[in-house]
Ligand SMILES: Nc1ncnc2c1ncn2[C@@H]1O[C@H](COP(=O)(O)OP(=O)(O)OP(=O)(O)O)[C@@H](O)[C@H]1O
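Starting off, we have a lone chain in the form predicted on its own, written out as structure tokens.
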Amino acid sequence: MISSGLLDVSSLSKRFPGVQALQEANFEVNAGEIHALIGANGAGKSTLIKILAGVEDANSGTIKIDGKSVEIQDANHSRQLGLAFIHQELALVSRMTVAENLALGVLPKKFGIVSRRKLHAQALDALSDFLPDLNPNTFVGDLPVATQWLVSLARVSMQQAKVIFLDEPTAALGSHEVEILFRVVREVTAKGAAVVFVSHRLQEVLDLCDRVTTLRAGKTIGTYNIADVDYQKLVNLVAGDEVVSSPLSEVQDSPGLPILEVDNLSSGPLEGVTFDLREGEVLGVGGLVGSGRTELLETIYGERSVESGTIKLEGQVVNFAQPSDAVDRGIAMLPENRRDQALFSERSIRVNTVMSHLASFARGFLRIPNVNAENSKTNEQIERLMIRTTGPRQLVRELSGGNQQKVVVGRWLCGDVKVFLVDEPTKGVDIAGKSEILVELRRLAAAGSAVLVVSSELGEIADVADRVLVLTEGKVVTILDGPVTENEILQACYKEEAA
């Protein structure tokens, strides 16, 4: 039974230099409910969460918990007030056990020594509602992402959190893992806690949540019961007057000759993978979590060793010892974890855009950097990709997730790239941003490059790809010729699994 008054945010405002991040935003969460918080990148979701987490201070407004006004001092104070936050990048230590992660910061001690027996018993109790069969002595780094999410939920449950914020929890999960997560979330709220579900996946919002609040340009657009909205209504609430065009509004030409040929490739989970990628083609890679999608890209890019089989680029056998070898041959990688693998967050958009092409911007015998040329090229990419920024000098960490992704794309557009390897290009990106990125992938193909793209959102693969390579447990199940539907890809994924 949902009761009211657990968390009440009223007229909250926050201004950063040159940006009004929140403008008298309102947000109310009731005990026992699953409440969605949606909005485009830059709408103010992250700022609201940071204020509640004690990371940022509001300029004005009030926050009430259990009807009492509070001023959140820091992260520890937020936790004491009963607020818990699980972000996309889970705050777990991979080299520590599940039991140790559950008790992180509050390890049970006796005479200054950690009590292993009490630690184990405490973990078993915490896991009983979430992962009753999991050995608490398992190292977190050995667990799949879906299980790590459940461990994170168990940890905040141990802290007796009143409101749990989940930031894009399903971005790296397959459909089966999503079902498990949803079941656990419902069990958590059934015990009286509230869950705030922050997601760009609107269908999941409709399937899981009780209510939804939309932010746009720092303002609260409204709060609605899920029974009173549908998918298109949510799209309109998020996008406002923006027109979200179809990714395939620019129809592709027929692909050309094969530029990348993979024959009987085995590496790690991959086993006997064979396919070709053609000039002017977007080849999608579909599959469930653990199917080997990311490992395929990493092997081609030289991040993983080839155990057997061959890779040919423009008819020549290649075996890249490291990613720089692949880059030298015209292969670009847009990784899933852009923050850690592709961006220097404390550097400017200009530096991140031109860093892989510095030689082409240098001048004179001493090869002095030509900052004007670098700024000009960066501005060109900002305009082309519609990056929302104050200019080339803005730090990348100040951009929304979608705009950070565009900076990575812009970097490679500065060079001569033959093959783009793209892993989860729209992860954490809003609806309008997703459309823009998918359109850009089609443009890259139309300009003569070849694109190999992995996405957990099979509907995106169906929209953007000319053909779809379906992987299951490291093997190619089938290659579907487009046009193809999301359901056809999903059926192909499960067909082999059922067999």
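Between two forms, the rigid core is defined as the largest C-alpha subset superposing within 1.5 Å. Quick caveat: nothing in here was measured; it's all calculated off a predicted structure. All residue numbers are counted from 1 along the displayed sequence.
Just so you know, the form predicted together with the ligand exists too; it's not on screen, but the next bit is about it.
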Check your understanding: in the model of the complex, which of the stretches 138-146, 388-396, 300-308, 120-128 has residues with heavy atoms within 4.5 Å of the ligand?
Key -> 388-396
Review point. Any chance residue 30 has a heavy atom within 4.5 Å of the ligand in the model of the complex?
Key: no
Review point. Using heavy atoms and a 4.5 Å limit, would one call residue 293 a contact residue for the ligand in the model of the complex?
Key: no
Check your understanding: Given that the partner is absent here, does residue 21 sit within 4.5 Å of the ligand in the model of the complex, heavy atoms only?
Key -> yes
Exercise for review: Using the partner position in the model of the complex, report whether residue 381 sits within 4.5 Å of the ligand, counting heavy atoms only.
Suggested key: no
Check your understanding: Given that the ligand is left out here, which of 400, 348, 170, 375 has a heavy atom within 4.5 Å of it in the model of the complex?
Key -> 400
**Study point:** Of 88, 266, 80, 175, the one that lies within 4.5 Å of the ligand in the model of the complex (heavy atoms)
**Key:** 88
Study note, to complete from the structure: When the ligand is considered in the model of the complex, the residues of 193-225 having a heavy atom within 4.5 Å of it are 200
Check your understanding: Does the C-alpha of residue 405 move 2 Å or more between the shown form and the other one once the rigid core is lined up?
Key -> yes
